[in-house]
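Have a look below at one chain only, the form predicted on its own, in structure tokens format.
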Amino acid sequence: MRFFRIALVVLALMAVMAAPMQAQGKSATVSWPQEPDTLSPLYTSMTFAGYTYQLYLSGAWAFDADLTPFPVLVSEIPSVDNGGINADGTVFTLKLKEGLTWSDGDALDSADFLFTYEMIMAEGNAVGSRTPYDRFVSIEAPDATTVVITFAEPYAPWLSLFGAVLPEHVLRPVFEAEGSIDTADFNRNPTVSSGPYVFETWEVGSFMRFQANPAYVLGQPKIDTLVVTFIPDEVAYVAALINGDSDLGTFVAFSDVPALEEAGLTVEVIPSGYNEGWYLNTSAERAHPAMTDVNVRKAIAMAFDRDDFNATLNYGATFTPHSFWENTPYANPDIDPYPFDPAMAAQLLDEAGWVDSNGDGTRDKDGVELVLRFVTNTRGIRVDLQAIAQQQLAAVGIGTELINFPSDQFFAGYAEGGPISTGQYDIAELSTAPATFPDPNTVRFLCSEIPSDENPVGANDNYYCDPELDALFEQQSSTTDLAERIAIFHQIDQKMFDAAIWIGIWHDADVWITGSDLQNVALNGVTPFWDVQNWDVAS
């Protein structure tokens, strides 16, 4: 077994070292612990896919190291003062920079923005979510450098719009021929770029290579070749960083931080809105029958000692969050996480009618054993947690079947049969954030986002529906007064906590590691490559 692990480490390091060898000029290597599932922004909710497509696709704006938005494709951030937002906050006018082009020389203009909207809304495309584009009353392009968006009512999270823009001249023919771009070759082999780098190749299971884009609107990057490698083995991942085979990485275990710092690497903990948590499936049709009972869900939370896990396996470097919006003003300060209380968990299960009637150590009801499907990916810390949680839940009579999926399968959407999206679980562990962070808005808990054959783009894989919660989410999205919006989120937080549909495991701020040869790096937890054109490597 030890030899097998060493072999995996050696093979992973060989892949890292081999990938950049074909580079011309200056090169750097970024390593991810998970391989992206796609390079299309329409079909993924995976963190590393989201980071990677930023290399070749630009959005209207990005966020700097202080999470302040700045113009990329637009000439200025819309505001009431500059006329980009009307007085009641329902009309947004985007003024594009003059002379924008794709890497092949084709003009990038307002038609590409309208096409991106069209692809998100087209019924033939099973995209991850259509929010907030389904709120548009209209979108118009009065000329090549102007896009006008009209909402029915004020929309507070408008900075979530057009985080990436698609090339109409490449994808329009595919859509017209097939009625969909779901399986377009472009999704994994993009042929044009508007970002700092142009995609060159993707060797599945090993690496991607990107070349500097001379036409990038913010300037050609100083680093000529950027290689993104995939190292799922955690030992090999850390070894690649320490040995200098990777110049930049993230999502290492907190336990690895001391060794990385001792090796002289720069380690930064950067807020990204992410929190590791358990999503509890509440579907009457897809989940275990016990999961529809809120007392069972609360018992699950109380049966696992999250604080001890964070103190030991996470080395005290993080803490148990109570809120999906932990460490932001939108988290309700009056809520504490459910405590570790096995006696209360047992009492709640008794009251719910789940008792061990046959003496096999697992509770049952109406002939159904209380054995839950606990799913996650193959990340080591999550696998370790599953084993500990299985023992602690068993102590109160809850059985668990531990299931692990490769990341691309685990995070796949409903149309691809992803286990979370299709409800093939009872407890799912993953790290998530509001999709529009630093804005708090999310659609994950809306009734309208419950996925189905008729609605495969739905993002609510809890399968939880509460009209009152829906109404609060709707209210916050049109509330532009910050204090009022925070107060609404505190109500949302309380309702979600009381329903026990999401259980925070640890506050998952990003840990980024930068090698000594990589210079001028400034990162954030939203658009980490926002300033990559200014990165450099030591001569």
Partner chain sequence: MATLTTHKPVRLMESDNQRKNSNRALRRFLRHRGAVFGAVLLVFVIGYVILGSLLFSESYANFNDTSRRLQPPSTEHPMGTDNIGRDIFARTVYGGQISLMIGFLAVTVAVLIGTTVGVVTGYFGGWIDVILMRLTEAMLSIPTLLFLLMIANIFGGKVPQIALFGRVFSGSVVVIIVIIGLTSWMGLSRIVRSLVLSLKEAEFITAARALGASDLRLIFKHILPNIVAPVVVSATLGVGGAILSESYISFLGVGVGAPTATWGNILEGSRQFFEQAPWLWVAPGILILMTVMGINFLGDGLRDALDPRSDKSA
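Keep in mind the model is a prediction, meaning the values are calculated, not measured. Residue numbers count along the first chain shown, from 1.
Keep in mind that the form predicted together with the partner chain is not shown, yet the notes after this line are about it.
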Stretch in contact, per heavy atom within 4.5 angstroms of the partner chain in the predicted bound form, of 346-354, 313-321, 211-219, 285-293: 313-321
Under a 4.5 angstroms heavy atom criterion, identify the one residue in Pro406, Gly83, Pro154, Pro339 near the partner chain in the predicted bound form. Pro406
Selected contact from Val368, Ile388, Val267, Ile335, since only one has a non-hydrogen atom within 4.5 angstroms of the partner chain in the predicted bound form: Ile388
Using a 4.5 Å heavy atom cut-off, state whether Asn327 contacts the partner chain in the predicted bound form. no
Does the partner chain get within 4.5 angstroms of any non-hydrogen atom of Ala111 in the predicted bound form? no
Are any of the heavy atoms in Ser448 no more than 4.5 Å from a heavy atom of the partner chain in the predicted bound form? no
Is there a heavy atom of Glu401 lying 4.5 Å or less from a heavy atom of the partner chain in the predicted bound form? yes
Output flag, Asp106, Glu140 and Ser193 jointly within 4.5 Å of the partner chain in the predicted bound form, heavy atom basis: no
Across 358-386, which residues bring a heavy atom to within 4.5 Å of the partner chain in the predicted bound form? Thr378, Val383, Asp384
So the C-alpha spacing of Val526 and Asp408 changes by 3 Å or more in the predicted bound form; is that change toward closer or farther than shown? farther
Closer or farther: the CA pair Gly316/Val521 in the predicted bound form, versus this form, with a change of 3 Å or more? closer
